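Before any questions on binding or motion, here is one chain by itself as structure tokens, the form predicted alone.
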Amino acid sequence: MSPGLSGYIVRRVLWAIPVLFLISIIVFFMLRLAPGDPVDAILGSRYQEDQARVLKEKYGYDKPVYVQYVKYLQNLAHGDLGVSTRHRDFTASEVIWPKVWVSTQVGLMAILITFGLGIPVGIYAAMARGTFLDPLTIGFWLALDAIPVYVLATLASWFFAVKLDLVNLSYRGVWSPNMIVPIMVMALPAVAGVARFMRASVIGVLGEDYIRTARAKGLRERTVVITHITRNALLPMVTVVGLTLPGIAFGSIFIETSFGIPGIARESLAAVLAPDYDVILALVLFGSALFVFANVVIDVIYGVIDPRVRVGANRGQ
């Protein structure tokens, strides 16, 4: 990695610190000043002033908001994300990370299928431009994408579990055969977007001079497509892949609810409705950090794939 690109990455990482700090301030004060109180949610119809006062002292809600925030930052510096008021005997970390890991595994498998199918479908459609195969290919995936996810989940469950009796939809772990249906429901509709983006990228590359030169040299069409067209068309796709990756850690509320997957999407909804302050704030900060990290990784990959990025980084030093 060139010094210029290294300096650029360091600057991006350093800029991320005040960004995350600002996000923490905004979210923290929004949660604390918004209507609703986790202590009220805990006690419910059993609410009594004495019990409420004890709980507020326990969780620090009796202090001024700015004091609560300073205390939160002190705990965060030691890796303490706070205490879940919804799961009263667990810390926010104990609640979040196991569920994030479940959603990440499911999301990763889904995204591998999405891009594994979407990229070659987009290349095929672009190479078939001008024939009926182009709109037919893209149209099929667009039709699948047009089906609402809750409808597709219901149809897939009925067809594969009830009609064909091929799978048992009860959750038995991420790597059980039962997960093939929810993973496909997540992955297949998203193929349309990847395929359309890749098709447009390939069509843009087809008009470049170096493609005509490669064909004029007598190179086989397969070599031209793989070496020259696909490699250059994949460069814009790096951004799409990078910005998609942070989302895999947060799951899909419809998929997790429909198939009983104990992921973070269901927990996030429950934390918002509770409300569970520390869990919500931890998820926001975690998502923001992932997004910043994804952007830095995209910059590195661009520098590896395209030498012009390294040259530009050197000039900007």
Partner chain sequence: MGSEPGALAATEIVVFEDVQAPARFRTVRQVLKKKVAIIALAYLLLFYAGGLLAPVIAPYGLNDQQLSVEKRLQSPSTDHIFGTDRLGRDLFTRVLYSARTTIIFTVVITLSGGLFLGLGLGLLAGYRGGWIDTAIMRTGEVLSGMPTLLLMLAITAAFRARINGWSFWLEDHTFLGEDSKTLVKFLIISMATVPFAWLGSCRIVRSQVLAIREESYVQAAESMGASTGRILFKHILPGVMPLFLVGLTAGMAGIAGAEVALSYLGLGIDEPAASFGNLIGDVNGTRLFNDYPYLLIVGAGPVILFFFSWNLLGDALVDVFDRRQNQRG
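None of the values given here were measured: they were computed from a predicted structure. Residue numbers count along the first chain shown, from 1.
Another form exists, predicted together with the partner chain; not displayed. Remarks below refer to it.
Of the heavy atoms in Asp80, none are within 4.5 Å of the partner chain in the predicted bound form.
Of the heavy atoms in Leu273, some are within 4.5 Å of the partner chain in the predicted bound form. Although the partner is absent here, Arg196 lies within 4.5 Å of the partner chain in the predicted bound form, judged by heavy atoms. Contact annotation for Asn75: none of its heavy atoms lies within 4.5 Å of the partner chain in the predicted bound form. A heavy atom within 4.5 Å of the partner chain in the predicted bound form is found for one listed residue only; from Met127, Leu243, Leu219, Leu133, this is Leu243.
For the three marked residues, Val10, Thr104 and Arg215, no heavy atom of any sits within 4.5 Å of the partner chain in the predicted bound form.
Interface residues of 189-211, taken as those with a heavy atom within 4.5 Å of the partner chain in the predicted bound form (partner not displayed): Ala190, Arg196, Phe197, Arg199, Ala200, Ile203, Gly207, Glu208, in sequence order.
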